[in-house]
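We begin with a single chain expressed as C-alpha cells, specifically the form predicted alone.
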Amino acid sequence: MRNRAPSPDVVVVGSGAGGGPMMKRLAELGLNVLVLERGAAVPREDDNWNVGKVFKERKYSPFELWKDRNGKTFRPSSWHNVGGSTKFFGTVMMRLRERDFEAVEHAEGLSPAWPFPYAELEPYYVEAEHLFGVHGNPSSDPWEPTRSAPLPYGSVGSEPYVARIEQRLRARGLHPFPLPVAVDLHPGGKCVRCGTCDGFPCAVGGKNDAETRCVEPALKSGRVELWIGAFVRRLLLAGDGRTINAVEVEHQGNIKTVSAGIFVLSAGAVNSALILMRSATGSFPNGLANSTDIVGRHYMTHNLTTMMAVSTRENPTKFQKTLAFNDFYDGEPGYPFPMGNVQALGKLQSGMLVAGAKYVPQIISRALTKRSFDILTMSEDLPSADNRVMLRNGDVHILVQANNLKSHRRLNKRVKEILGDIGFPLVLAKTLPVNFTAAQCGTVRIGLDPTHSALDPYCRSWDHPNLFVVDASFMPTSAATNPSLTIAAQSLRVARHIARVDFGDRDGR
C-alpha cells in the first residue's frame, strides 16, 4: 500500500549528531520539520547498564551483516534509534584543532584542507557546546584552538586515582587537560557519575545526547513531527532531473512518499551514502549526488587502540572519562608528522573489551579490570578514494585498507613507555580492526570543486540544489578527535544557511 503524507518544509532523515541539532534549529527559525528515524527510542531500563546485555548480547544494536574487502561478513557497530549513535557515545565533544582545517602532511600521505577555515565554524562550535551542555576546561591544553567563549560548564573533575595519574603526567612534562564531556553533571542535573558511559545508553537521562538535548525540546516546539520505525528506501527526482521531489519511506506497514522543499540526509556516513545509491536513476546510474563517482568513497574512521594499563593497586574510579593529552597531536621532536590524541576511556568492566586479550577467564578479567587505568589512542585515518562503501546485489560492502599506521604505532609506543614510567608495569593493547565502524565519516564529502566533492561547503549537493547531507559523511578529513561536536556545529551552520537562503528567514531571526 502506498500513501502520500502531508508536506513539511524540510524532511530530515536521522536524529543523531547531525539530524538532532538540525531539527531543533530549523524549528527555532520558524520551519516545519518532519524527522524520519529508522529506529525507536531506547527505553530507559536496568539493562541500559548491564554489561552482558549491552556488550555480549548487543541488545540495543540492530542485527545487520555487512561484508569486508575479502567478502567476509561482520556485524557493524551501528545503531538505529532516536538520538542515533550519540545514545551510546562516550560523551566526548572536542573541537578539531585549527590545523586540522588546513592541508597537513602526514608520514604516509596528505590530509587535505577543508573548504573553509576553522574560524568559519568557531561560532557554531560555541553554539554546539552550549546546546549539548559540555563540561570542561581547555585552558591547560596548549593545542586547544582559539575560542570566542568558554565552555558552558567547568570540568567535572577527576576522582582521586585519576587525579594522581594527572600529576604524574605533569611531572613528566606532559600537558593533561580535562576531557570536554556532554553530561548533565551540575547542581540539578541528572548525571549520577556512574561507571557506564562508554558504549552504554543512560538509564537516567544524564548523558547529553541528541535525544535529550535536541529531539525532545524540538518536539515541544510544535513544529517538528517524528516518525519512528521509518526506513527510507530512496529519494525521488522531479521531472527536471535535478530537484528532489519526494522521499519514499516504509512506515507503519505502508510505503509512503513525502514531499518537501528541502531534504536533509543525516543517517550516518554509511547509511546516507546507501540511500543515495539506492536512489539511482537513468540520469544518475551510480546514485544521486554522484555524477562524479564521489559518493561512498573516502570512507574513514580513525586508527584506534585501546589500552589497559595495569598496576598492583586497585582502581576504584567510576567516572573515568576526565583526562586527555595532545602532546603528540602534531608529532614530537625528531618526528614532524601528526601522531594523535590520547584520552581516558570509560572504566572497563569484566565482560567488556579486554584490550589485547581475546579469550580471558572471568577470574583473570575481573582482576585486570579492577587494577586497570583504561585509555584510547586515536590517530588520523587519511582519506583514500579506494576506501569506500558499496552496494552490491543488496549487500553492504565496506572496502577498507588501513593507512597512516606508522604514526599510530609510534604514538602507541610512546604512550606505553609513559605508562610504564608512571607506575603501570603491564600494558595490554588492542588496535581496533579497520571494519570497526563507530566513528565512520567522509563518504559524501564537502569541497570547493564539484569534480572532487559531492557537496558544497554548506553541505548542499552540487547535483541537487534542495538536497543536503549533514552527518559525518560531509567531513573531508577525520582528524584525530571525536567527530560529534564538529558534526553538530556544522549542522547548526547549515540550518542557518537553509533558513536564510532557501526560506528567507521566515520568522525574521
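Since we're looking at a predicted model, the values are computed, not measured. In this text, residue numbers run from 1 along the sequence as written.
The same protein also exists as the form predicted in complex with a small molecule; that form is not shown, yet it is the one meant from here on.
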key: Output flag, R38, F88 and D471 jointly within 4.5 Å of the small molecule in the model of the complex, heavy atom basis   = yes
message = Given a 4.5 Å cut-off on heavy atoms, tell me which of 26-34, 66-74, 471-479, 453-461 is the interface stretch with the small molecule in the model of the complex.
response = 471-479
remark   = in the model of the complex, the residue from S372, N81, N303, N341 with a non-hydrogen atom within 4.5 Å of the small molecule is N81
Position in contact with the small molecule when the complex is considered in the model of the complex, options H408, R213, R297, K321, heavy atoms within 4.5 Å = K321
query = Taking heavy atoms and a 4.5 Å cut-off, does S379 contact the small molecule in the model of the complex?
reply = no
query = Given that the partner is absent here, does E144 sit within 4.5 Å of the small molecule in the model of the complex, heavy atoms only?
reply = no
request  = Answer for A267 alone: is it within 4.5 Å of the small molecule in the model of the complex, judged on heavy atom distances?
outcome  = yes
query = Even though the small molecule is not shown here, does I275 get within 4.5 Å of it in the model of the complex, heavy atoms only?
reply = yes
